[in-house]
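A lone chain, given as structure tokens: the form predicted on its own.
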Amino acid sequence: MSGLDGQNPLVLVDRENHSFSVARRSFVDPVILEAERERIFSRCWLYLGHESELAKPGDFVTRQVGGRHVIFAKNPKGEFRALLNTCAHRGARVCRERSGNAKSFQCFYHGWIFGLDGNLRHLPDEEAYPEGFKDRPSSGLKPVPRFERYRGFAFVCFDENAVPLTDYLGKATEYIDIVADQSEAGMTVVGGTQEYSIRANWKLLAENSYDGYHAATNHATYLDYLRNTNGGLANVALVGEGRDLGNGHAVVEYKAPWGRPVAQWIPMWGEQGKTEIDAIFARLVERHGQERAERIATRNRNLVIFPNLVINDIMAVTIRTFYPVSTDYMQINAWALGPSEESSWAREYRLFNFLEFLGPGGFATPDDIEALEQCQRGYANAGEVAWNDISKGMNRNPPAYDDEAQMRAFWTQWNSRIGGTAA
């Protein structure tokens, strides 16, 4: 498979010998990063936000997505909009607030005022402009080229010719449905945004997000903590499998012994917790039937939507995105997600689980950050030690949850966009 120069490969696959290798150059070469920005982040569907973040007309949040500044807003008609946060006049960012509720957005530079639909509403000294200037499409805030939603998750794409969102998500919709079906009233983002950074290449976090192989060693402290906590674990074996979902998306789905607010009880939660969990599970059965209810309640999922959306449905539900600033530095945003109707008891334990394991100060994330940053430092030797091995499980079908089939799915898609045609 050819690299960017047409000669040096970035991914090597030897199916006969069950070998899959990725060039460490892929993590350090600024030419590759520029290609990723053009061929991946400018052409793939990217997560923008969740509908629950905009509860009322006039609500908005501002985000950086794929290197662009975007306003995600709900207009007075209750319609969701995604607008490029750039004034049509001189290019200044129009909205400088992170979130809020507004009837319009005013550019602080020259005072142009835009509606939540993006249309230009007012500009000072309007008579100095030709008749109809305010109504020209080019005078307003430009909509993102493509904006679509699925089950409350809102996505944008900067390629007007991209396939529809549901086609892009493909088989991954099954797992988004499982998350959305946890609630009868709708899932909601809980609290604010967690923001942090990692001094490592963005693709390392994509790999790590469904890498079951590292848990026993890298997260040994957390597992020991649960074992030593009275009632901290259920009598459930850690077992599951990885799945390639197409288009670079992949998932690991597995059973695990920790508690899940929807709906796996652990003794530490006591009798009140058992009553709560039993009621949650009964409602799941009523809505979805026994088999699907058990899958929703007792199985965990680490889902990666190519290129940079992670949905962890484990001891809590987390939405996480990440974007490269440089070859060795990324910025991460994360949100907790939960059923909007859940009780205060369930919400308390959901947030406890979220912060304890998944938060930037929890048991898992600092471990992962250290591992990824040490990998990035090790790539200083990429000239002499040139390849990462991602072969685990190639000789096994179906692959286990701690094999690397899901990473191979990611790299095959990445290589088809960046380095050549996968063999």
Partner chain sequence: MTNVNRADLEEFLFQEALLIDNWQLPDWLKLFTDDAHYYVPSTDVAEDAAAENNLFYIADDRFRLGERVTRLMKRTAHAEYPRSKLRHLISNVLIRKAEGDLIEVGSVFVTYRSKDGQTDVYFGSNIHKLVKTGDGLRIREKRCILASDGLRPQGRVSFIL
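All of these numbers come straight from a predicted model, not from anything done at the bench. Numbering follows the first chain given and starts at 1.
Only in words, not in the display: the form predicted together with the partner chain, which the text now covers.
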query: 4.5 Å heavy atom contact, Glu370 to the partner chain in the model of the complex; finding: yes
query: 4.5 Å heavy atom contact, Lys171 and the partner chain in the model of the complex; finding: no
query: Non-hydrogen atom contact Arg347 with the partner chain in the model of the complex at 4.5 angstroms; finding: yes
query: is_contact(Phe60, the partner chain) in the model of the complex, heavy atom dist at most 4.5 Å; finding: no
query: The partner chain in the model of the complex: contacting segment from 394-402, 378-386, 358-366, 28-36, heavy atom within 4.5 Å; finding: 358-366
query: Residue (of Gln182, Gln194, Asn300, Asn75) lying close to the partner chain in the model of the complex, criterion heavy atoms within 4.5 Å; finding: Gln194
query: The single option of Trp335, Tyr254, Phe158, Phe153 touching the partner chain in the model of the complex, heavy atom within 4.5 Å; finding: Trp335
query: The partner chain in the model of the complex: contacted by all of Asn228, Phe352 and Gln374, heavy atom 4.5 Å; finding: yes
query: Interface residues of 202-229 toward the partner chain, as seen in the model of the complex [heavy atoms, 4.5 Å]; finding: Thr217, Asn218, Ala220, Thr221, Asp224, Tyr225, Asn228, Thr229
